[in-house]
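Quick setup: one chain, the form predicted on its own, written in structure tokens, and binding and motion questions come after.
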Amino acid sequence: MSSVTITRAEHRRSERRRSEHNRAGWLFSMPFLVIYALFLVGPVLVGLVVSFFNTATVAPGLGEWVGLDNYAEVLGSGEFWASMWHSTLFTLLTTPLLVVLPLIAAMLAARVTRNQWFFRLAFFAPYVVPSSIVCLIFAFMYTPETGLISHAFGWVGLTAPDFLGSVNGAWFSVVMLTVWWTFGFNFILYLAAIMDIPEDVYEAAALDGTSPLQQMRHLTIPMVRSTISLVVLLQVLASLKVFDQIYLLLQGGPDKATRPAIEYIYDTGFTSYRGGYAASATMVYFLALVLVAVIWALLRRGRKVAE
């Protein structure tokens, strides 16, 4: 048998193995794809259809065809843009804290040689607490005159600010709640990335006389840069989707000064019963989130090309 014939036979076997691997991959992915289509793609398509009708949440059927009128009303609504700004402001306030503080905590925890499990548990435990319980705890702590934080101000002779009744106090309250509650997720991502760095890298750096602070700055941070980028993207998208803690703690108040976009959509859809209008507002907000993700992906691709 000639060498050309042997090469062709090996190529056919290689193609057959690759085809079998692809088929197995699709079969294993099929349950996820079915659930993804049923609970994400399907509702998006239904919402897109409903957004072109004057659908009422409490009435059967789609209602009257209105075309792009719902979208025109959404884009011209001052309340909608105010809620969009509140979601953006919440993102600007929480993202830097939830990107930097967990990274610092993870770098410090990674240097602990004994009982490291305690730090993992202490930082991650709040993340598994339901939002209703977290908001109940913080509502008690922020309650004027009887709350724990109000008492703490009194112990040092100061008057506690109105955490839930003033605009600045409300933003401070919900930002602190969110940082404490979701800190652990980013902490675990950072810690896993840091633990993957080979120990001999730090040993070589120590032999060169670098301090722990220099090792964190010149070794740890550059080597977990991809994880930092992932955390920033996840955190921005998670913050833009804020709803439950603001709704449960503040009900969007005072005077709708903290109402985010998703609560605005909820109010128009389930309080004003304007399902078609709420669907069009949802589509606009969905496109805004997709736009953020696309811009981030393009920036990352450009940075990789530059490197």
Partner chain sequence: MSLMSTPRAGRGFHPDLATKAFNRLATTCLVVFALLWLVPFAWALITSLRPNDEITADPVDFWGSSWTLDAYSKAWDANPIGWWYVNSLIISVLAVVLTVAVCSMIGFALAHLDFRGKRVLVALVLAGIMMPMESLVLPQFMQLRAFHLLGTYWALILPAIAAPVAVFIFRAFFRQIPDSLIDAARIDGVGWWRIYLQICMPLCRPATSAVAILTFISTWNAFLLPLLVLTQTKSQTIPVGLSSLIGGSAIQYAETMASSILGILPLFAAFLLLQRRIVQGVAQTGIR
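Here, rigid core means the biggest group of C-alpha atoms that superpose within 1.5 Å across both forms. Numbering follows the first chain given and starts at 1. Predicted model only: the values in this text are computed from it and were never measured.
One more form of this protein should be noted, the form predicted in complex with the partner chain, which is absent from this view; the next part is about it.
- By the 4.5 Å heavy atom rule, the three marked residues Ala24, Val128 and Thr182 all count as contacting the partner chain in the predicted bound form.
- Among Thr88, Thr143, Ser166, Ser229, the residue placing a heavy atom within 4.5 Å of the partner chain in the predicted bound form is Thr143.
- Just one of Val99, Ala170, Ala109, Leu93 comes within 4.5 Å of the partner chain in the predicted bound form, counting any heavy atom, and that one is Ala109.
- The closest heavy atom approach of Phe119 to the partner chain in the predicted bound form falls within 4.5 Å.
- Though the partner is left out of this view, Phe52 does not reach within 4.5 Å of the partner chain in the predicted bound form, counting heavy atoms only.
- At the 4.5 Å threshold, heavy atoms of Val66 stay clear of the partner chain in the predicted bound form, well away from it.
- Taking the partner from the other structure, the partner chain in the predicted bound form has no heavy atom within 4.5 Å of any heavy atom of Gly252.
- Looking at 194-221, the residues that come within 4.5 Å of the partner chain in the predicted bound form, counting any heavy atom, are Ile194, Met195, Asp196, Ile197, Glu199, Tyr202, Glu203, Ala206, Pro212, Leu213, Met216.
- The Cα position of Ala152 differs by 2 Å or more between the shown form and the other one after fitting on the rigid core.
- For Ser29, the Cα coordinates differ by 2 angstroms or more between the shown form and the other one after the core has been superposed.
- In this overlay on the rigid core, Leu38 has a C-alpha that sits 2 Å or more away from its partner position between the shown form and the other one.
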